[in-house]
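The chain that follows stands alone, in the form predicted on its own, written as structure tokens.
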């Protein structure tokens, strides 16, 4: 298919039963069964002790997958633009602020307010890797991963640079969860290059396509499909499955309107 052409230099993910790209590849490729398992978010070692203590769950998740993907690429994150995508950023922090505003004192923590903004994880990333490169933070509801991939690919081609894509979403606390249910925490990162290298996993050809939500590519494994449907960042799972299996495939990803066709050609 025609469209924007980029190469995947490295991938990383973190979710229930999927602790890392190296561990999850066999599961995503269908060679090993998927076993759901809870996980804890590691503190970001790249941050100073004071910043590490203030790091909220979304920051921990985004930095964990971003740093691991960069390590897999062997590139310098300080020289790399980045795109961060999330449907709602840190629901736990936002829920805490709304609860505080419902009290008579209406006292909101300054740290909580600082961490509630959508671009908090991308700001922490720039601090962590000491980067002055541009960082984009975007949201497109359930199509946030696809929107992030399109933005990152466009930057890669237009500016002829390697770009890091990080997508992440975490559950909201009640009562927000009842309005916006997210099944589990999930994060994914891809390093996209304008040219093939010895490390490249696959070539991606990316184009917008007309499609309905029901036409998005699904996961054949029912429990992975539950995760895909239950977390906007996990809409990436069919693409990750094609990368893990080194399988040529056209993956359809949901956008806010229409969709994204991603032609995967293994390297």
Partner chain sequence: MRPLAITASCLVSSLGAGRPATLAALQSGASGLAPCRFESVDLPTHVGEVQGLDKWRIAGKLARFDSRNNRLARMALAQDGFAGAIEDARRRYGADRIGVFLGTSTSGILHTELAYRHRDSVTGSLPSDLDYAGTQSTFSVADYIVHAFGLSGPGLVVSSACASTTKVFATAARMIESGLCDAAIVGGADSLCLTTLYGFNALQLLAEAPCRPFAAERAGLSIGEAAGFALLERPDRAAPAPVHVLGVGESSDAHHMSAPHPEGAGAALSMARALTAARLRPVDIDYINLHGTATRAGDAAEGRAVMSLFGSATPCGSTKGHTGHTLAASGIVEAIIAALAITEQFIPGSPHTIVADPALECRYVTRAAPALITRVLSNSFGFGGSNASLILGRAE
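Numbering follows the first chain given and starts at 1. Remember, it's a predicted structure, so these values are computed and weren't measured experimentally.
One more form of this protein, predicted together with its partner chain, exists but is not displayed; see below.
Engineer: Identify, from the list 71, 183, 101, 195, the residue with a heavy atom within 4.5 Å of its partner chain in the predicted bound form.
Structural biologist: Contact check passes for 101.
Engineer: Within 4.5 Å of its partner chain in the predicted bound form - does that hold for a heavy atom of every one of 113, 127 and 256?
Structural biologist: Looking in the predicted bound form, the three residues 113, 127 and 256 all sit within 4.5 Å of its partner chain (heavy atoms).
Engineer: Residue 95: heavy atom within 4.5 Å of its partner chain in the predicted bound form?
Structural biologist: Because a heavy atom of residue 95 falls inside 4.5 Å of its partner chain in the predicted bound form, the answer is yes.
Engineer: So in the predicted bound form, is its partner chain close enough to residue 171 to count as touching (4.5 Å, heavy atoms)?
Structural biologist: So residue 171 does not count as contacting its partner chain.
Engineer: Using a 4.5 Å heavy atom cut-off, state whether residue 159 contacts its partner chain in the predicted bound form.
Structural biologist: Taking the distances in the predicted bound form, the answer for residue 159 is yes, it comes within 4.5 Å of its partner chain.
Engineer: At 4.5 Å between heavy atoms, is residue 4 in contact with its partner chain in the predicted bound form?
Structural biologist: Answer yes; at least one heavy atom of residue 4 falls within 4.5 Å of its partner chain in the predicted bound form.
Engineer: Scan 229-243 and write down, in order along the chain, each residue with a heavy atom lying within 4.5 Å of its partner chain in the predicted bound form.
Structural biologist: Result: empty, none.
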